[in-house]
Every structure is written in C-alpha cells, then in structure tokens.
Ligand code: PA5
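In the block that follows, a single chain appears as structure tokens, in the form predicted alone.
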Amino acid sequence: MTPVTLRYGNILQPQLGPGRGPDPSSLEPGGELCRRFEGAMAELHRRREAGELGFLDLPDDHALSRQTRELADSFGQWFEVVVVVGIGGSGLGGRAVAEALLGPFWNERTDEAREHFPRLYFLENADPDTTGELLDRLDLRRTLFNVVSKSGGTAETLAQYLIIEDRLRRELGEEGVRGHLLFTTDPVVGALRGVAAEQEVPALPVPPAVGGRFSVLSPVGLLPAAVAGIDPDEILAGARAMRDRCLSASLRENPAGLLAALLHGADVDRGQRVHVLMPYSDRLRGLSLWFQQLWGESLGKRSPTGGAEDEGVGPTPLAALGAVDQHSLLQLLLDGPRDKVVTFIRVRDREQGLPIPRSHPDRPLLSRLGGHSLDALLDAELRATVEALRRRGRPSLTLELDRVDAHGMGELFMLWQVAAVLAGAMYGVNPLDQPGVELGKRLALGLLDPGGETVERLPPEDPQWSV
C-alpha cells in the first residue's frame, strides 16, 4: 500500500517562473520556510506535552475504539436507520467518512446490498424544513438518534434534540425516549452528559483534549462509520501511520509540515490568501467541506500582534470538486486575481473505471471519447488542470492516494489536522479556539432568551438602508 503522497513541485519557483513561488532552497535547513517549520514543530511538541493535542493520541486509544465498535455492533444494529444529529465538527467529520467509504447511494440500496446495516442520515442545520421533513418520513420505532455535541451546549443541536425527544415521547412513550437515543459528548460536563445520567441514555465520550473540529477520529466520526460496517481500526491505522510521518523533524520528510509551510508562505509572502481544496472524486466532497471548517476556524483569528479591531490573519478556505468546478471556478483560477492556491486530491485506482463505448465514428468528439473510461477522463481532466495552472504561473499542490478506503481516509484526516496546528503556530494564533464563533452563539441565545444574563443589545435596523 502506497502512503498518501504530497506532490509540491508546482508551488515552487522552478515550475512557476521567477517570483511566482518559493525557491526550493527555502525548504532546506537554514532556509526561511524550514525555519518557520522548525518553530512550528517546537510549538506543536509544547502543546502536546501540555496535553492540548488529544487528537494525536486517538489512534492509540484502543479502549475508546473498542467501546465505539462494541456499541455500534450491539445497540447500533437494533435499528434500520441511524440519524446523526450534529453541526460543524460534530457532523462534518462523520459525514465525510460516510460519503467516502459508503458511497453516494448507500441509503437507496436494498437491505441485502447494505448487508442489513442501517441507513445513515446526517441532520446538521437547524432548518425547520429539513428537520421536519426527515422526522415525518422516519419510522421512529426503527430509528436511533445519535446526538453529537462535544460541549453538550450547541444550541442548534440541542434544539433539534428537544424536538426529537418530544416526538419520541409522544409516539413511543418514556421508554421509547431512552431506547432510541445515543449521545456523543464530553465525558463529564455539558447538558447532554447530565441528561444521559438522569435518563440512562447511552453515551460515548469525546476526550476532553479533543476539540470538535479535531474529533473525526473519536466516536464523533467513528461511531457512524462502525454502525454501517466500516472498520474504525483501519481508519485509525491510517491516521497512526500519517501521524508518525508528520512528527518527523525533517521538513522534506514531513507532509503536514510541507503543507503548512508552503500554504502559509503562499498567503503571507505572495498574497495567495484563498486556499482551495479540490478532490477529483465525488466520494471526497465531504472531506473538502470538513477541511473548510478545520482551516477557517483554526487559522482565521485576530492578529496576534494586536492593532486595529478589524485586523486579522488566516487564509480563506474554499471547498471545490473536480471536475464539476472546472465549469464554475477554473476560469477564475486561471485568469482571475493571483490570490489563490489549489490543493488537488487524485485517486490513483477506483473500484470501477466504467468504460465509454465506441460509437458514432462519424462524429469526431464522440468517437475520441469512445474506448476510454470515465476514470481515465476524470484523471485526464485533473492532470490537464494542474498543467494549465502551471503554465499560467498559478500554484498548486497534489495529494495522491491509492484508493478511497478506510486507511487512506485516516491518513488524510490526520494530515490536515497536524497541518492546521503547525500553520497556527506559523500565524502566531491558537488553532484550537474559536472566539468569534462563541460571540455569535452568545448573541443568538440572547435574542431568543436572555436567561437571566446580561445580554448585549443589538442596535435597531435603520429603515433608510432598506429598499
């Protein structure tokens, strides 16, 4: 099995032209990017020794993995449907795992084709249309709701939980409430942990040192996978192998260090502040959305040097999908402002190539496609896009994996998480907090119900600015 490979020549000056990228010497000992990497690694080790980077230890937490698997293999198999209720880091990771490893039409498969594993839904946004319609369609007697919130205090998730709890109570009685709920939350504190203790609801722990957006390798991401028959130990094995690579003190041997240093340099040295992740695989669309949260929430912070209120640091992440977004973003990427860098993900081998039949020999465009496959077409689109960007002097990186499998997904999750921590050190910010998000949460709850607290009042809207 070939490990996930990072190809980074197309972000360097020799490939892009003078002034378009860093000189390779900056990656060598004594070079500028290498010095940034060494400082970031020192900060990573400091945080790890302080017990702040719990996600690094998840691949070795065999007791937690076993607890997750046992619950999935027992309680989780009592049901025909499992609904994961969670937003942000509590939903994106699990959805990314499921989309990658189960495929796009898992819920439409017959029971036999699913080997009688449950159908799997993700209820993320507190949108009444989506929440109401899904609940109306489900047979609650055959449904398990996995309510996920690391803090146990996420307003959107708790609101959906209250609606679900009420429906279960009205349709199935008090016993039905306990028998159709599972919580994934902090092991000690939070509203969900309290309810679990009071009502004897089964609950899986998220280790205290594992933040929400770094929790995909905990029960947050592994329970939905295990319920559907995916081996969580294979995901963790991939993550373990990547973690060990990403702890290397040599920049040229550390894929997370290279990602962090090259992307940080693209931003602060050359003004390429938009970081696009563009896999050429529908199965990896969810991974792009997971990356978007991880990169944006970890690195987008107020300037560590202080200054004006509106100053800040951090790139803007953008989730894209090849080849779909060749027909929406590629023109901008090629000829628009030089403020973007693209990281592609290439899958070397797919489960099926899907041959394109030979026909219409009198129509050149159709006949040129015949005899190839959709797999070959998609790969040609990717390689052509990479080359088109290079010829325009536009930077890109490419991550390659053999196939979309559990081991490869574990590698990708760990790679980007370590890269986020290293990049945070390079920007001089705390990649583990989210003060801006907390402000929005506080204001939203204050609008609904002050709850006896002093709440900031929102200014009234000025009618002169409406039309």
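A residue's number is simply how far along the shown sequence it sits, counting from 1. Note that the structure is predicted; figures quoted are calculated from it, not measured.
The discussion below concerns the form predicted in complex with the ligand, not included here.
*Asks:* Would you say all of A323, Q326 and T385 touch the ligand in the predicted bound form, counting a heavy atom within 4.5 Å as a touch?
*Replies:* Result no, not one residue of the spot touches the ligand.
*Asks:* Is the gap between G190 and the ligand in the predicted bound form 4.5 Å or less for some heavy atom pair?
*Replies:* Result no; G190 lies far from the ligand in the predicted bound form.
*Asks:* Hey, in the predicted bound form, does S149 get a heavy atom within 4.5 angstroms of the ligand?
*Replies:* Within the cut-off, so yes.
*Asks:* Would you please decide whether E297 lies within 4.5 angstroms of the ligand in the predicted bound form, comparing each non-hydrogen atom pair?
*Replies:* Residue-level check for E297: yes, a contact with the ligand.
*Asks:* Taking heavy atoms only, is S218 within 4.5 angstroms of the ligand in the predicted bound form?
*Replies:* The answer is no: S218 has no heavy atom within 4.5 Å of the ligand.
*Asks:* Since exactly one of G89, P118, G257, G238 fits, which has a heavy atom within 4.5 Å of the ligand in the predicted bound form?
*Replies:* After the contact test, the surviving option is G89.
*Asks:* Check each of T143, S281, Q293, T131 and return the one that places a heavy atom within 4.5 angstroms of the ligand in the predicted bound form.
*Replies:* Of the listed residues, the single hit is Q293.
*Asks:* Hey, of 205-213, 329-337, 161-169, 284-292, which bit sits against the ligand in the predicted bound form at 4.5 Å between non-hydrogen atoms?
*Replies:* Stretch with heavy atoms near the partner: 205-213.
*Asks:* Between 426-441 and the ligand in the predicted bound form, list the residues on our side with a heavy atom within 4.5 Å.
*Replies:* Residues within 4.5 Å: Q434, K441.
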